[in-house]
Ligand SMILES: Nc1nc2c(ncn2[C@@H]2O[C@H](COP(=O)(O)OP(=O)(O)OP(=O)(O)O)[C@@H](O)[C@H]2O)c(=O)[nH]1
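Before any questions on how it binds or moves, here is one chain, the form predicted on its own, in structure tokens.
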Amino acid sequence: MALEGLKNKILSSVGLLKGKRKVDEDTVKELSRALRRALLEADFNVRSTKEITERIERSLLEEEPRPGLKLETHAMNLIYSELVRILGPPRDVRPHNETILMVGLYGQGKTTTTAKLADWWRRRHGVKVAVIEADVHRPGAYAQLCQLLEGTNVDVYGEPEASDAVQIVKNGLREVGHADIVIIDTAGRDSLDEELREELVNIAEIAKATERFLVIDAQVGQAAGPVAQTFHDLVGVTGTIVTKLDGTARGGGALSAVATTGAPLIFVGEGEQVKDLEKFESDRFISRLLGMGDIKGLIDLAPGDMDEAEAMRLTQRLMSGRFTLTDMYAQMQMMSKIGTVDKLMSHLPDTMFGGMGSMSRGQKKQMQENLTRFQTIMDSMTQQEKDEPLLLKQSRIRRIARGSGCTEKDVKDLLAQWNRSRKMMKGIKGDRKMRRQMQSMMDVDGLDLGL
């Protein structure tokens, strides 16, 4: 999860209220200072940080929490609301009749993001997407785009031997301009020199783009604000995409700085694969950041070929407390389709499933490694053994270890993990509050779950 360090420091600052029944000014001041340090260390805009902490401090001192609500929960709700307000509301872009111009400085991940955006629209909306590669200054840009979009049915137009970007865009629009979505990737520079300015303005005039997206690396921090403003003055930026948000502690600077320029955040990139692009919605993003979870976002991660009937069947079994190795295998396959363990867990509330959502990065990495090994082990079991794990005594464990190329300890680790998961599922069955929470988040209230 991006900005994980910020999350831990916010939780630590809110922890100052733990066990308290009434707020006092000294504790609120201390919380405000800790929160201010956390936001500044994540490189949030200084002015935004001051505004957020002052509003939270004032609300804590003046507002009474709802009856029965813990003070720390009240504080988290205030922090959530303020961060969502600062980052602004989501902005939708139509999934058809769009021409999108991609702009940005050199090395910001613009070509990769162009491919991600094209594939996102193809997967999410099933529309015809085409891309025009107009970067004539970077060798290999066209080949890179073709490689990234190989097998996606996205049309890629380019003239790798040509040097006139404006003419390439003209030719490309004639060739692939009939697509529902046309995305034009342009060249970047270390700075906006006069040649690049002129080229961009000419391309913008020809393309008559309905959207102009600025791509900017999260690592630039608060400098994102002036960069966004410069491009906005040049071509009228209508939205911003922040890339590499998972690999920097300065992401808060890019997010808050861009949000203050009037060029709203449309997407964020977290990861190197083409599918690693997320539509930015401040409420859902901040909910995950603060450990509150985002189950709807988790559902959005599911690929189009996910078997929904099988997913629902597995959900019903989990919530009813029935859990075999066959179920565990199906669960692991679905997790692999959705994405990495880190991405999946970032969408779960920290307190859910015994605190799995708050696992450390090292624990998530270990769990990711276990997924492949455990599936290999289960491939060496009979169907009866997967359906009835209690049959697995020493002789069978020895045979399975030899067949899978793993150690007997690995097999026993798998069985121990299954047993822990089974007990957890039984706990959910007996916990009405948890069942209601899962039903609400999964939107399965109307189903007969056998509970």
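Quick note: we count residues from 1 along the sequence shown, nothing fancier. These numbers were taken from a predicted model, which means no experiment stands behind them.
Another form, the form predicted in complex with the named molecule, is not on view; read the next lines as being about it.
May I ask you to choose, among 126, 236, 107, 140, the residue with a heavy atom within 4.5 Å of the named molecule in the predicted bound form? Selected residue: 107.
Only one of 205, 369, 272, 150 gets a heavy atom within 4.5 Å of the named molecule in the predicted bound form. Which one? Selected option: 272.
Contact between residue 116 and the named molecule in the predicted bound form at 4.5 Å, heavy atoms? So residue 116 counts as contacting the named molecule.
How about residue 188: is it within 4.5 Å of the named molecule in the predicted bound form, going by heavy atoms? Although the named molecule is absent here, residue 188 would touch it in the predicted bound form, with heavy atoms inside 4.5 Å.
I'd like to know if residue 240 sits close to the named molecule in the predicted bound form, meaning any non-hydrogen atom pair within 4.5 angstroms. Residue-level check for residue 240: no, no contact with the named molecule.
Quick one: is residue 111 in contact with the named molecule in the predicted bound form, heavy atoms, 4.5 Å cut-off? Although the named molecule is absent here, residue 111 would touch it in the predicted bound form, with heavy atoms inside 4.5 Å.
Counting only non-hydrogen atoms, which stretch in 264 to 272, 228 to 236, 155 to 163, 168 to 176 is within 4.5 Å of the named molecule in the predicted bound form? Residues of 264 to 272 come within 4.5 Å of the partner.
Even though the named molecule is not shown here, does it sit in the predicted bound form so that 135, 144 and 244 each have a heavy atom within 4.5 Å? Checking in the predicted bound form: 135, 144 and 244 are all within 4.5 Å of the named molecule.
Using a 4.5 Å cut-off on any heavy atom, which residues of 65 to 86 would contact the named molecule in the predicted bound form? Contacting residues: none.
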